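Below sits a lone chain in structure tokens, taken as the form predicted on its own.
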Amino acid sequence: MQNNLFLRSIRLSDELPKGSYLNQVAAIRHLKRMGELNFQKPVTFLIGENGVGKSTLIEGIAVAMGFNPEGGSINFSFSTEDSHSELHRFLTVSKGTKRRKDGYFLRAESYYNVASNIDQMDREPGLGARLIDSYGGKSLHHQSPGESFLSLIEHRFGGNGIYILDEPEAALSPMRMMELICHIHDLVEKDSQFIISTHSPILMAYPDAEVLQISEKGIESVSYEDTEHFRLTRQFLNAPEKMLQYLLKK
């Protein structure tokens, strides 16, 4: 399966500067120690506590693959603030042999900027067909965040591509997350690859996905049932009163 993936592996190609904060990020330290991180499945989830470097790593991968740091397709080049790290400069990505026809990088924190850039480009004369028509024909700003995100997935993602998503659950209800799972599956059936940073136990339940858990101890592949997200959510739903008594105990 690995040979059929658009992104097969990543590694640090050069030594990070000694003064770089990236040396203190758990995900980057572990990548340096491992030498190479391989992607084995069409869907890979990066999980872990806040601060371990999931978003830093996924952003670095996206930029190294040619995507705009703030999100969008390969053709997006806008910039509202250069807040991304320099990690992509030190990453080498190993790509598969087949050529992708599509791709997209979505990050929850800058999705508003992507929507604004689409509207702005459509207001400029002489650029041909409206860009928003590829997103369902309705401005993403004129929909709720959850609706606009699913509209993006449904209308813009065409398949046979790589899709890098940073915490896509941020704007989605549980029902919408289940819809997202369906869209992901449809796109996987169309020879697509997903790399997703998430905290959602609903999303990471996608069958046959690889779950890479990042912690201070390392980066390891774990089963869905062994994730803290699954175990804590199950414990809470099985006995919410008992869990709340424990949490709110004075």
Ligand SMILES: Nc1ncnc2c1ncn2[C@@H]1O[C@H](COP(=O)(O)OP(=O)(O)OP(=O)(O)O)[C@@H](O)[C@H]1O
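Computed from a prediction, not measured in an experiment: that's the story for all the values here. All residue numbers are counted from 1 along the displayed sequence.
A second form of this protein, the form predicted together with this ligand, is not displayed here; the remarks below concern that form.
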Quick one: is H199 in contact with this ligand in the predicted bound form, heavy atoms, 4.5 Å cut-off? yes
Heavy atom of G53 within 4.5 Å of this ligand in the predicted bound form: yes
Answer with yes or no whether V25 is in contact with this ligand in the predicted bound form, where contact means some heavy atom within 4.5 Å. yes
Contact test in the predicted bound form: E225 vs this ligand, heavy atoms, 4.5 Å: no
From the list E147, D102, E167, E154, which entry has a heavy atom within 4.5 Å of this ligand in the predicted bound form? E167
Answer key, this ligand contact in the predicted bound form at 4.5 Å (heavy atoms) among E220, E49, D208, E36: the residue is E49
What stretch, of 200-208, 36-44, 55-63, 187-195, brings heavy atoms to within 4.5 Å of this ligand in the predicted bound form? 55-63
